[in-house]
Each structure stands twice: as structure tokens, then as C-alpha cells.
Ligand code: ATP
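Starting off, we have a lone chain in the form predicted on its own, written out as C-alpha cells.
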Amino acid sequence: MPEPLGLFGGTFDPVHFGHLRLAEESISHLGLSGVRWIPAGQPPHRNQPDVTARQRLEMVLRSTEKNERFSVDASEVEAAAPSYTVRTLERLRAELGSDYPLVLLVGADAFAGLTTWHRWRDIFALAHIAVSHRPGFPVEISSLPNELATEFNDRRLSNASALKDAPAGGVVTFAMTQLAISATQIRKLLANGLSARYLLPDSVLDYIQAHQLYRNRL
């Protein structure tokens, strides 16, 4: 059985150091072979971003290009359909095979809303789920919807090393370095002509400035 592969989807509008630290720390915490970034083309859970999907893809490519353990999957950007996680996982299963351990990386807030996702129960048959949380603030079963709390309790793995023993179906949690950075915060700074430097990589900020992205938008 190969080492598990992390899958990190999102709008990345724009990608920032919080995203990069989550991906980086997940490799060591979970024993991953690497992380495949999957920028959403048409995110179904929010309004279409003001910048184009290809611009968001380019920012992810620029931010990850020097890390050999990161790869970028452009398929969702190139697709005409909305980017549903379950469909992405089905596509990757067809590509990588049924036995390859896949680990979907999500934050605690996103995991708490999992029951609102398209065909959410099917996700467990396609991948493991790794939930990142703030140090000292573990995922509490009492804070989850009842259906999800049951799945969390039944599927939780006591050790991340068990991720490599099956291709899918488990849930693990891990604490990551807390960085108080959000894409919303960055967009507001840029819209108001304020500096976002040191919140995201210089290569991404240079791209934003060169293409005049996020200006006068709140």
C-alpha cells in the first residue's frame, strides 16, 4: 500500500500562508507522500469569485512551485461543471485506482458543515478525511450535527498511521499552527489600497499587483 496522498481543495481566493501551512503540516502530521492542490473552478457553496478561475489557479501554481511535495490539479478549473468534492474524488479514484489511500484535508469549520455538501456520505467511501483544528481546541462531537457526529465517532482513527492501511473511510484530526489569516481579510485590505504583504507569498502578491486584482472590491 503506497503512502497516503493528501487532497486540498478550495477556492484559494487568494491563496495565502494559512493554506500553505495547513498543507505543509499535514504531510508530517499524517505521513502523507505529498499534497495535491485542487483549486475549484465554479465553487457551488459561494458566489463566483471576482477573479477568474485561471487567475486563482495561477496564484496556487506560483505559491507551490518550489515545494516538490506539492502538486496542482487544474482539472476543476478546466471543467465547465461546478466543483463538487464527491465528483472530484470519483475522478481521482478512476485515475489512481481503488486501492490508493486518499486523504481529504479540511478545516474544522468546513467539516462541521459537511452534511450540506453534495452526496456527503459518499465521500467516506472515496477518501479518508483529515480535520485540522487550532491547538488546544479539538473537534468536539457535541458541536457537530447528529448525523455527522455519528460518522465521526464510528470512523475516527486513533492514530494517523492507520491512514495507509485502507484507501478510504477513516477520520483523523490534527492540530496545526494557528495563523490568523483569511482570504476575506486579504481581499478587504487590497480593496482599500492597504498592504497585504507577509500574509501571502511575494510571488502571489506580485501577480495580484501586476494584474490589478481585488481593487475596489469588498
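Keep in mind that what you see is a predicted model, and the values were worked out from it rather than measured. Don't overthink the numbering: it's just position in the shown sequence, from 1. For the two forms, the rigid core is made up of the largest set of C-alpha atoms that agree within 1.5 Å on superposition.
Quick note: we don't show the form predicted together with this ligand, though the next part is all about it.
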Original post:
Among 67-75, 82-90, 101-109, 138-146, which stretch has residues with heavy atoms no more than 4.5 Å from this ligand in the predicted complex?
Top reply: 101-109
**OP:** Taking 4.5 Å between heavy atoms as the contact cutoff, choose which of S182, N159, T150, N192 touches this ligand in the predicted complex.
**Re:** S182
Subject >> L22 within 4.5 Å of this ligand in the predicted complex, heavy atoms >> reply: yes
Original post:
Does the 4.5 Å heavy atom contact test between R36 and this ligand in the predicted complex come out positive?
Top reply: no
Original post:
Does this ligand get within 4.5 angstroms of any non-hydrogen atom of M176 in the predicted complex?
Top reply: yes
Original post:
Does this ligand come within 4.5 Å of any heavy atom of R134 in the predicted complex?
Top reply: yes
Original post:
Quick one: which residues from 146-169 get a non-hydrogen atom within 4.5 Å of this ligand in the predicted complex?
Top reply: none
**OP:** Please check if R134 moves between this form and the one not shown, taking a CA shift of 2 Å or more relative to the superposed core as movement.
**Re:** yes
**OP:** Would you mind telling me if A183 and R134 are closer or farther apart in the predicted complex than in the shown form, C-alpha to C-alpha, with a 3 Å or larger change?
**Re:** closer
Subject >> Closer or farther in the predicted complex: C-alpha pair L30, P135 (3 angstroms or more) >> reply: farther
